[in-house]
Structure formats: C-alpha cells, structure tokens
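Before any questions on how it binds or moves, here is one chain, the form predicted on its own, in structure tokens.
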Amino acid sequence: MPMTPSPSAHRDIPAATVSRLPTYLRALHSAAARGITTVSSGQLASAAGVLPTQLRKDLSHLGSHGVRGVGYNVARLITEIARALGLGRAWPVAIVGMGNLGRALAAYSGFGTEGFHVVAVLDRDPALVGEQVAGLTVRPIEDLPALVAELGIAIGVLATPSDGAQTAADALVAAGVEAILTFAPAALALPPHVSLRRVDLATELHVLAFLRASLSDLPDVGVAG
C-alpha cells in the first residue's frame, strides 16, 4: 500500500536552515555515541562548522532554545531535528540509472541507517534489465507506476547520463513520485509541486579548484626580523 508523506509541522523553516539540520544531527549523534548528554551552542556550532549565532537561530525555528548555562539536551534535540526532517518513518527510494554511480548508490549502506531504503533500481537499457544490483533486480522504466503503487516509493534518485535525465524525471513524476534527487548535470523542467535537489559533483570540484587556486595565489607573509 503506498505510503503518503504526512504534512510537516515545520514547513515554515527556511530552506537554508533545513540544509544545515542534517549536519547538526550528525554532530549530535557523534556526541551521543561518546556519552555526551548536553552540549553548548558553541560546542555544537564548532562541530557543525557554523557560528553559534547561526546555530541558535536555526534551532529556534524548531522551538528549541536550550537552557542558559546548560546548553541543549542531546537526546531531545536529536528527536526534534529528526522529526523536523521527517525521519520518523521509512522512506522508500527508487534509483534510476544503473551505471557505475547508480550501482554505488544502491550498494551504499548508509541510506538505511538514516531511514532511506532503496527498494527499486531501474534502467532504460534492456541489456541491464534483469541484472542483480545490491540484492535487487533491475527493472525497466516502464515498471515505475506499478512499483510506486506496490512499494510506496516516495523519493526518486536520478543517476542517469544528462541526455536521459529529463525522460527519467518525467517517468518518475508520471508515476506519482514528487521528490527527486538528481546527480545528472542537466537542467530539468518539472511541475511546481515536485521537490528537486541537485548534486553536481563537477561544480563542487570547480569550487574546490577555485579555492585551492586562490590560496596558492596568496603572497607569502614573512616574519619581521
């Protein structure tokens, strides 16, 4: 039976804040694993790589303000952030594109620990259909409507070449998937109600190259004698 995402109680949280919440959550899980039960805004901000003022502002959107002189209760804050991110339920995921990237994503065990479960893998190449990838049988794109209805697929991941990304995205939308993560370096035209996130590895490498080149251009600062 399809699993329909319940409306979030935190739809008014700014997108920039939402993008930082997973980082806070990882830092809190790390603290909890070390037996830490309370953490100050400064400690958590340092672990997350943000300013304490930014952290406090972000967490205020959850209604969490900590206790002056004590800080935040780690377990409670983990629960609050997880609830805001919709991690209180399992999210069935389909990956479209069984090239090297798609296969690596399908085999990544970290998704399951975060509540995201890859339940279907698909490809438009008939030569790949029927293969086993990470314990799943590769299905043709045409099977998407049936798989969404049967497995309640809520999120689609595009790991296709750029020239096939739009077709694959259209197939996901037509099947009823309204949240898509794409690794394809292509602009996608989707209906307004569909949530789209892009992971552009080439762009991130360009940014790193720019930053590295900028550092290399800095003049050496000598020590006055």
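Note that residue numbering follows the sequence shown and begins at 1. Bear in mind that the values here come from a model prediction, so they are computed numbers and not experimental data.
Beyond what is shown, the protein has a form predicted together with the DNA; the following relates to that form.
Visitor: If contact means any heavy atom within 4.5 Å, which of 58 to 66, 25 to 33, 176 to 184, 190 to 198 contacts the DNA in the predicted complex?
Guide: Looking at the other structure, the answer is 58 to 66.
Visitor: Going by a heavy atom distance of 4.5 Å, is Gln54 a contact of the DNA in the predicted complex?
Guide: Output for Gln54 is yes: heavy atoms within 4.5 Å of the DNA.
Visitor: Is Val39 close enough to the DNA in the predicted complex to count, meaning some heavy atom within 4.5 Å?
Guide: Yes, contact at 4.5 Å.
Visitor: If you check in the predicted complex, is Ala16 within 4.5 Å of the DNA, heavy atoms only?
Guide: Yes, contact at 4.5 Å.
Visitor: Wondering, does Pro92 line up within 4.5 Å of the DNA in the predicted complex on heavy atoms?
Guide: Close contact is absent here: in the predicted complex, Pro92 is far from the DNA, nothing within 4.5 Å, heavy atoms only.
Visitor: Under the 4.5 Å heavy atom criterion, name the residues of 70 to 89 that approach the DNA in the predicted complex, in sequence order.
Guide: Residues within 4.5 Å: Val70, Gly71, Tyr72.
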